[in-house]
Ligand code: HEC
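This document opens with one chain alone, in structure tokens, the form predicted alone.
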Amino acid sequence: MKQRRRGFFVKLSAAGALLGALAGVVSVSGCGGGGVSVNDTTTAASGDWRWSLPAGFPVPAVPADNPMSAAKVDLGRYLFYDKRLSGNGTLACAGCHFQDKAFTDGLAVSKGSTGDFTHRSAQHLGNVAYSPTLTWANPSLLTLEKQMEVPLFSENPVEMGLNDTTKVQVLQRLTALPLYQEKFAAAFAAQASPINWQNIIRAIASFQRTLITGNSRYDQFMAGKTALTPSETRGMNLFFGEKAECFHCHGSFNFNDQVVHASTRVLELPFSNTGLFNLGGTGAFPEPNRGVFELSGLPKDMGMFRAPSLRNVEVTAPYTHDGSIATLEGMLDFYAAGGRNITSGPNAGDGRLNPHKSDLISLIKLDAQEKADIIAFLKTLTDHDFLTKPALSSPFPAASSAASSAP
């Protein structure tokens, strides 16, 4: 069995800071493989809020200064889908996170409100409540509230397009609407002037924590509610076995390797180099997509990215941090080859030989049937209820200018 050397780990001080920030939440044991029955748990500081979780799912960790409430989640849902939240009124959060795509956008990189393109692919938001880090390669963004400042206020590239001028304009837009006067007052009843950026961020983060997905065919199988086909069963055995070894990076209940919840006590935050690039044989990745290295400057962090959850992976193409692999079949071929060999062009280099590549990424001999079986299993991770659930959909009429529209 291969050793679990994954390259970059956040130091204990950062993990401790995260767990401290999430103090005060209810502890619950268990983090198994899901299921379709509901486990309702009321958090101590959440007032009227009750979690409705798949069987085996732990209670999410919630910051002590932003407890869950039904009114806050309701407000966050409206804000998430409202184009008026962007500086020029053209883009909602949902403009890069579509429900039918598991809250990603189906693009290699996303387009911001002013036409700038992001450097990396929009990650899906399913079970984001369980993610201790919130981007592809920034180990310092440890809460949804802090991460949200990036798309809202970033200037290179511009996403939502908020600056000193447009921040004021957006607040004026929202304050002028009776809809938001009522909803902010309900969500933040103790405040005399609740329409402010801190509360906007808190409300959207609360809504995002409700994006729980755990009712796929795989979950139903684990709960004894259905059977898998022979091909899906073979694929599952390969996925969790030592031949394909997918489980090393995707073995949690959320099918990834970074998980936090209310009962977490020890937290590891691995990032990995999978051999996607090796520019000129130097180990380098193309700028500005060099992974954790962009922040640390340490050579060992070159090409280190977070392993995403594989839940709903069937609908979240294209894949990798830069969207450069179009299909699930292509992703499986990439991993089976132990990396990617680019033979020409500015990114030429044999990623299979990248000196910083994780030891877990190596040649896997899979025949055509075995590959088809693994793909069949991955498709059992699609939660069709999650992709259509009304409570997670836009609250605005389809023709409304406030609602986001698909690209």
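Please read these numbers as outputs of a predicted model, since none were measured by experiment. Numbers for residues come from their place in the sequence shown, where the first is 1.
As for the form predicted in complex with the named molecule, it is not shown, yet the points below apply to it.
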**OP:** Report yes if all three of N215, V259 and T380 come within 4.5 Å of the named molecule in the predicted bound form by some heavy atom, otherwise no.
**Re:** no
- Closest heavy atom of T135 to the named molecule in the predicted bound form, within 4.5 Å or not? yes
Indicate whether the named molecule has at least one heavy atom within 4.5 Å of a heavy atom of K72 in the predicted bound form.
no
Would you classify F98 as touching the named molecule in the predicted bound form, given a 4.5 Å non-hydrogen atom cut-off? no
Original post:
Quick one: is Y335 in contact with the named molecule in the predicted bound form, heavy atoms, 4.5 Å cut-off?
Top reply: yes
Among K146, K225, K111, R173, just one has a heavy atom within 4.5 Å of the named molecule in the predicted bound form, namely K111
Answer key: of M236, A284, L269, A244, within 4.5 Å of the named molecule in the predicted bound form (heavy atoms) is A244
Given 179 to 187, 294 to 302, 112 to 120, 217 to 225, the stretch touching the named molecule in the predicted bound form at heavy atoms within 4.5 Å is 112 to 120
Of the residues spanning 294 to 309, the ones with some heavy atom within 4.5 Å of the named molecule in the predicted bound form are F305, R306, A307, P308
